[in-house]
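First, one chain by itself in structure tokens, the form predicted on its own.
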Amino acid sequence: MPNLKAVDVVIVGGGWTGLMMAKELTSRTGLTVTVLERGIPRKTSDYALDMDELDYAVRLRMMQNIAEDTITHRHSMRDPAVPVRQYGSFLPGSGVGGAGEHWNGASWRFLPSLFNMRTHLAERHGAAKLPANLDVQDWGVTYDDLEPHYWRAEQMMGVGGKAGNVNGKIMDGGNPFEGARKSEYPLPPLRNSHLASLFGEGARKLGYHPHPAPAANLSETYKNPDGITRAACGYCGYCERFGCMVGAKAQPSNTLLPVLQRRNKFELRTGCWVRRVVHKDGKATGVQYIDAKGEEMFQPASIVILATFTLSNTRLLYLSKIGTPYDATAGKGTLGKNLTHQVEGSTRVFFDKPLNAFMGTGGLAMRISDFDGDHGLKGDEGLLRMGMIGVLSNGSRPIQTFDAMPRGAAKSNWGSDWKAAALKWRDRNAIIALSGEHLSYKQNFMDLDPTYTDKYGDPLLRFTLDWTDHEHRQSEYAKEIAQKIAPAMGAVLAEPIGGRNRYNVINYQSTHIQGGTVMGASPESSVVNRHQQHWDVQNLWVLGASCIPQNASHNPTLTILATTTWAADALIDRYLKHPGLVA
């Protein structure tokens, strides 16, 4: 195995966190930085002629090749695990930019209570009354610590929105339940869709506080602090699962990469499949990977940073034998614990007039946060936490949304009668949806599968994950609220979707997989410290959603960018001056 020329820093993963950390390091130090990305190069011009729903949204061109690497899933330790053969519940991206290329642009800050969840719930309910299997924890970092880092990310991406809490002052039109911001958003919110306006009017009639979702789909032309100018969104409806053909949606390839390409101490290598972090005597010495030609290489480095998707961060540490694997039976160990996803609860609503829903953009939404976190919960609902409820106007594309109709509208699920009903209701339906918090439990975790392997013979990552009664109740409570909002917004019919089913890998439930390498205040409860530095291998840093101890109701992108620059400050300003564990 050839040893390549040593670099100061090697970063595994060329998505949001990897490229953001590379930008910080190359702009503030003289270090040589190499990013290893498994997938292909990407740039805005690649997307100009590729708005093909079948290719991108159905056949998932931008996702990892599931024939080469997947996960296995089981509901409990008593069940056998089987490989996921077709993507459904989440979509890990591939190529430069990762999932940051095909995301929808929603750019939320997490609620302050999420960062000290264990303390918050114990104070609110009493520690003795919390479920015995609940495994939520404090992050070791607070919302106030991250507030300036949120602002840095919002400016870099050009997030548009309406603040609801500026320095403790509640602002009309924004989210009054959010954590205090020091500034208004860099840009105004996106234009309301007809559906968003109807939802806002209906929710307001019931005394709720509707507000636009913050989004990194530019509401107007914007030049960020790095001098990158991007055009405003055209509301074409091709955001999620697609790259933006005009660059209006913030993506790593159109915000970070153009800056990095001007740096002579930065290198991006694509087609690099990293298999191990190599370490000796408590120190990482580099990474072992297969290059684009299929040759095995060793890249020596003084600092190693893992910045891949949740699955790969966790699996790489397992394969590298770094850290203590989690033992769910004994409740010991940390690597792989706190696996969470996203809780949903949907109600389809129907209208007697068209919505023009084909126009939209990924982050365009109207929400109410009256039940987010534990706001609005009186204590008799059987819930510890809830989430946001609202409507999303991301563009109703013709293939995937064609057959939505009321129950009984067609006599069959095919033929002329079905076609007529599908055409009638094609633009007269929408979904009121819950985006709910997913609490972490001791029985939900990740480890290595003892049977199945990837194309190189390495064990696959195994999910042990199922819903509890709490998630089912969240979904049911959201549907109860939706049934009240539907008539107030002018819907003629509201039909709840789904029931008390077990967690499955078939239905899409967001790509917000969290946990596995969680951050915290002590090595007994976390894999990395509050600065995302590994407790055991101190020149190893881990970035991204794998470090999040429990899932928020909000999309994690803005938070993982904020924690990345938080980690960068610790690495650059403290670790480089005094190598060792950063307190």
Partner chain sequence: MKRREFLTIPRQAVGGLLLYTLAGEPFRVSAQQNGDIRVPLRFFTEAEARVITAACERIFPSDATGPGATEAAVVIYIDRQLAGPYGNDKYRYTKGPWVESYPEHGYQAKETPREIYRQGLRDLGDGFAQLPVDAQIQKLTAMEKSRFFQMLRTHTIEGMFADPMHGGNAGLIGWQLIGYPGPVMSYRAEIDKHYGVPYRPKPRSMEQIVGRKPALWEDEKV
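Note that the structure is predicted; figures quoted are calculated from it, not measured. Numbering follows the first chain given and starts at 1.
Same protein, other form: the form predicted together with its partner chain, not shown, and the subject of what follows.
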| Any of the heavy atoms of Q86 lying within 4.5 Å of its partner chain in the predicted complex? | yes
| query | Using 4.5 Å between non-hydrogen atoms, is A521 touching its partner chain in the predicted complex? | reply | no
| Even though its partner chain is not shown here, does V246 get within 4.5 Å of it in the predicted complex, heavy atoms only? | yes
| message | Can you tell me if F110 lies within 4.5 angstroms of its partner chain in the predicted complex, counting non-hydrogen atoms only? | response | no
| request: Using a 4.5 Å heavy atom cut-off, indicate which stretch of 433 to 441, 72 to 80, 332 to 340, 470 to 478 touches its partner chain in the predicted complex. | output: 72 to 80
| Option touching its partner chain, based on a heavy atom within 4.5 Å in the predicted complex, out of V96, M386, C233, A482 | C233
| Just one of L130, L423, I170, A488 has a heavy atom within 4.5 angstroms of its partner chain in the predicted complex, so which one? | L423
| request: Look at the candidate spot formed by R59, P354 and D454 and say whether its partner chain comes within 4.5 Å of a heavy atom in all three of them in the predicted complex. | output: yes
| query | Going through 407 to 430 from first to last, which residues have a non-hydrogen atom within 4.5 Å of its partner chain in the predicted complex? | reply | S412, N413, W414, G415, S416, W418, K419, A420, L423, R426, D427
